[in-house]
Structures are given as structure tokens and as C-alpha cells.
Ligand code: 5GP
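Read the single chain below, which is given as C-alpha cells and is the form predicted alone.
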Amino acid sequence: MPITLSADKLTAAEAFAKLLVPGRKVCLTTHVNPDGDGLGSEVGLSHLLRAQGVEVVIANPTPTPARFGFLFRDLPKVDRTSEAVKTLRTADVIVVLDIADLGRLGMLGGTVAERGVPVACVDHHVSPGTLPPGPRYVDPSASATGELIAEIALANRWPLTREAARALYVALLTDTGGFRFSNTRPRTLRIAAELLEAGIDPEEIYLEVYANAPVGRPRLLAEALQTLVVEEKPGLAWVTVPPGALERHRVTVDDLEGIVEFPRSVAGVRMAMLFREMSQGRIKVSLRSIGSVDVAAFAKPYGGGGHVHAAGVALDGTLPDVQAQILDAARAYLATIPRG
């Protein structure tokens, strides 16, 4: 079955492309602690735009995790994250990927807000957004932002090169949990098939993303899982990253990826959480759920957000205080939702 786009999507994709033309300096950016979707979308779009003769660079608020470094091998000097503010100040167009809120840009939020140039956005999260004006290509039903970049390419008849397809496949692979999560739709797999048709090697990509971890990662996992708590009655489970664990095991925040899936995998658990300390007295809570439990709705009153089954929130306070607040709220929330 061919991939088709609605009239609204075609119009949005064409408006997006009209802004990104040769002669304009285009800067791509994504959220703090970029993941496979944000980075894959940036790199995929970079290849697509460079093929159209567009000057494009990437400037993120925090560096690329080591396991995604392979995406940049074919893009020398495109990643300008080390001089992100300077790079954004010289851009004619800014494209924000995988988020729609200035707050998720960390230290770059103020620069983007004050730059005074069009700010385009491609995103698949449930958020009205707080970005400056510019073209929008947003679909909360999409599995990943990389899926939407692929749609934009198809709508504008941009050829999907092997390099662009590899990056976009990383976006889909990581945000669907290897095509296991509930956001994997028939359309997701059709687009994945289009990317495979470009000649990418899925096993090679798997090895780069999932089989290239530092030795500290499994040790961190083992330590975090020792903190597992399960409350059977509400269907709630959580783990806590012990203070100093990242430094002790010489790993980064990216190495926490996937740990919250372990408490979610326990039979009877409807909501799972991972708690960790951030800098400046803030606590990050990663949320996962199954069935009718909507963690994006749960996170919204606390300034968080995300997807129905995957969301997050960051709160000021000590780890014990935030845990007590969020866990009490989770118990009350789960009590309102009948078990399926």
C-alpha cells in the first residue's frame, strides 16, 4: 500500500520546504540530552537539505551521546553544538525538531526566542508549543519525528538517500523501542520499509545503537534495579538512580535509556517511573504506562508532557520529597482508572 498524505499535510510540507531554500543559512536544533529521534531527524533532514543545495548546520543545547556519533560520519563540520549560541545567531532560519517548547531547548531557548527569524517546527508530541512563529509540521499520532521528516521528503519528492534513510531509521527504531511500543502503527512500518528500500543495513544500525555500550552501563542498570519497588494493588512500580551513580560508573544520562522499561515489564504494573537527580536541585521523573493509563495527562499539571504511554517531568526539590509527592499523586491517579 503506497504512503499517502492528507491535503493538510501536503500543504504543510510544501510550506516547510519553501522556507528552506538555497541561499539561506539553516540551523537545526533539538532538545536537551538529544535522543535517537531528535538526532536522527536532524541528521536525516541535513542530508535531505544538502542534496537540495541548502546550507545547513546542527546546534544542540547538549552534546551528542557517543552511541549516536556514527550518524555524523558523513557530515563533517555540520555539528556546531560546541558553539551553538554563536551558530544560532547567524542563522536565517531555525528548525526545531522533536519538541515545540522553548523550555526544552535549555540554554538555547533565549537565543531562539530573541533571534527574530522564522522558526519552523517538526514534532510528534502533544503540546501547543511556545516557539516563535514559523511553519509547523506536527502530528501527535506519528511514532517519531523522523517519521514526519520522511513524510516531508516524500511530499516534496526529495530523494531518500542511504545516509538520510539510515538516520531516519534510527529515529523510528529508538522511539518505538525497536518497533515494540504501542506507537508502532502500520504507517510506521510502511515508512520503515521505504527507508530499508534505500539500502540501509538494519543489523549494522542495531549494533551501533544498542550493542556499543560502555561497561558502566550494565553496572548502572544492575545498581538501579536493586532499588526496584512494586506496589501490586495500584499497579505502580519505580526505580531510583542512586546519587552519584552516573559519575561512579563513568556513564552519561543517555545510558539511562530503557531502564524504566524494566519496572513497566513487571506483571500487573500499569505505571512505571524512574527517578534521578539533575543539576541545580531538580529531580527528573521518567514515566511509562500501559493500557488506558495516560502519563502525559498525569505529567501535565507538573509542567511535564510527552506521549500517552511515555512522558516525563522535572521538579524542584529533594529526591525524597519529589518521590513522595509524585508517588502519592500516582496512587490517587491510578485509583481513578479501572483495570482493563
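Numbering starts at 1 and follows the sequence shown. Fair warning: this is a prediction, and the values are worked out from it, not measured in the lab.
Beyond the structure shown, there is the form predicted in complex with the ligand, which is absent from this document and is the topic of what follows.
This chain lacks the partner; the member of 289, 286, 60, 46 within 4.5 angstroms of the ligand in the model of the complex by a non-hydrogen atom is 286.
Stretch-level contact check against the ligand in the model of the complex with heavy atoms at 4.5 Å: of 22-30, 307-315, 51-59, 64-72, the positive one is 307-315. At a distance threshold of 4.5 angstroms between non-hydrogen atoms, residue 104 is in contact with the ligand in the model of the complex. The shortest heavy atom separation between residue 125 and the ligand in the model of the complex is within 4.5 Å.
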